[in-house]
Ligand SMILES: Cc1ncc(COP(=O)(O)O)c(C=O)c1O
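Quick heads-up: it's one chain on its own, the form predicted on its own, in structure tokens.
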Amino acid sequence: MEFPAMQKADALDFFSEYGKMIYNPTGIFYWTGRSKDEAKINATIGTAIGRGKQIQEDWGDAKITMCIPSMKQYFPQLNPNEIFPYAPEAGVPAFRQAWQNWLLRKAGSHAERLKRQLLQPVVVPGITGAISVCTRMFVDPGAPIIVPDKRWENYDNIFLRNVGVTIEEFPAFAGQDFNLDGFIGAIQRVWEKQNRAVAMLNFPNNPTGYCPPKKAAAEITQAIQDLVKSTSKKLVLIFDDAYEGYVYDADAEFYSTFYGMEPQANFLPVKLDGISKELLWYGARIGMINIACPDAWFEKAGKDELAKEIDNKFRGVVRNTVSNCSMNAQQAALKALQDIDQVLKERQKTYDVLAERYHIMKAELAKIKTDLLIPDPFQGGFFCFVNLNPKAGLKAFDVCDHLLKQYKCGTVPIEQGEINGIRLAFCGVEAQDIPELCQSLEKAVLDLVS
């Protein structure tokens, strides 16, 4: 990216090599900005948007960021010591324990094992912060991290430009299924060059909304367990669980595949999650790093001592980057977790709205007649992804531009390598507008090929 004004002013000479190199790609925010001004249907941003009355009857018809109403009541309950002090580097202890309890509640039959293996979660500034910290902690500069070709665009900003690692990618899909062979192959390619591989999976996926069916999830888990048992090579498998629990297909795995991954002496599963989606509190910027350690580690070194030393390392990286995370956000979230049944009851309203939109989106995409648009499989999350058939000869950017100008529908193009398609964020589109969105997308493509 060029910075002509800085070059003319000779301002770049005052910056380090990192300062000269770093930039914020236009990407999603370019299309979101345009859509705010130009679109009547905005399917660009990954935030659940709805009418106030869909959350609480007396909130009226105005558009709002969907939330959990009772969260507001916790703020007046905070005392000065829960608002004004610094938080500990790794997070407020009671909040860390409450979050771990929440994970164990979701873990089902794996809870007893995980109760033994989980370390206390480390609190970081959102899942973006968690990805950045974990990349620094597990991937050497210049070494690869394994991710699918269809991924959140900010991964590349974090990996390539901020942390300075490389990307080993694999095609996300084999037909309508997760490309398990491609994923395993990518791990093996990295192992050919080094002793430790680091990979990241994201279900439900951004941008596709893919979440593995239960059978596929079991196959993924079994394949990873078999793989690590067949070698002495090491694997760190990071789960970006930003959208955990937002699954609308009864045949899909509802919770993270992390829970079923049993740590081994050479296998470390790491779960990244947070309150942005789980408590619908995007602005709090509270994320968690959850590490499940193999029993063999504890047998050799003792759990308490090992946990202290690993915690110390993560405290170090938090302290020398962001110092600590919001005290009052953690304290308010703690109160919510202590009343989790009520929180889940209120969150269900948002889930139901998103589930309705999901089913309408599936039905409307199925009505598209042209073979120039090919939807990826999707079972949950906030998005879906529609590929442009290569025979159309179209670029996603041009389609989205025409779709916005001619039909007033805001979407996000993704052009990267062989990926050429359009992300639709149904989380921000009202149910009655989804048919028009899909019809307009089809019209826009046909306009450009005619």
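Computed from a predicted structure; not experimentally measured. The first residue of the shown sequence is 1; numbering continues from there.
Keep in mind that the form predicted together with this ligand is not shown, yet the notes after this line are about it.
Using a 4.5 angstroms limit between non-hydrogen atoms, residue 197 is distant from this ligand in the predicted bound form. The closest heavy atom approach of residue 358 to this ligand in the predicted bound form falls outside 4.5 Å.
Not displayed here, this ligand is kept clear of residue 289 by more than 4.5 Å at the level of heavy atoms in the predicted bound form. Of the heavy atoms in residue 314, none are within 4.5 Å of this ligand in the predicted bound form. 243 is the sole member of 258, 378, 243, 99 with a non-hydrogen atom within 4.5 Å of this ligand in the predicted bound form. Note on the partner interface in the predicted bound form: the residue among 145, 332, 211, 131 having a heavy atom within 4.5 angstroms of this ligand is 131. Considering this ligand in the predicted bound form, the lone stretch of 291-299, 162-170, 200-208, 177-185 in range is 200-208 [heavy atom distance within 4.5 Å]. Contacts between stretch 394-430 and this ligand, counted in the predicted bound form as any heavy atom lying within 4.5 Å, involve no residue at all.
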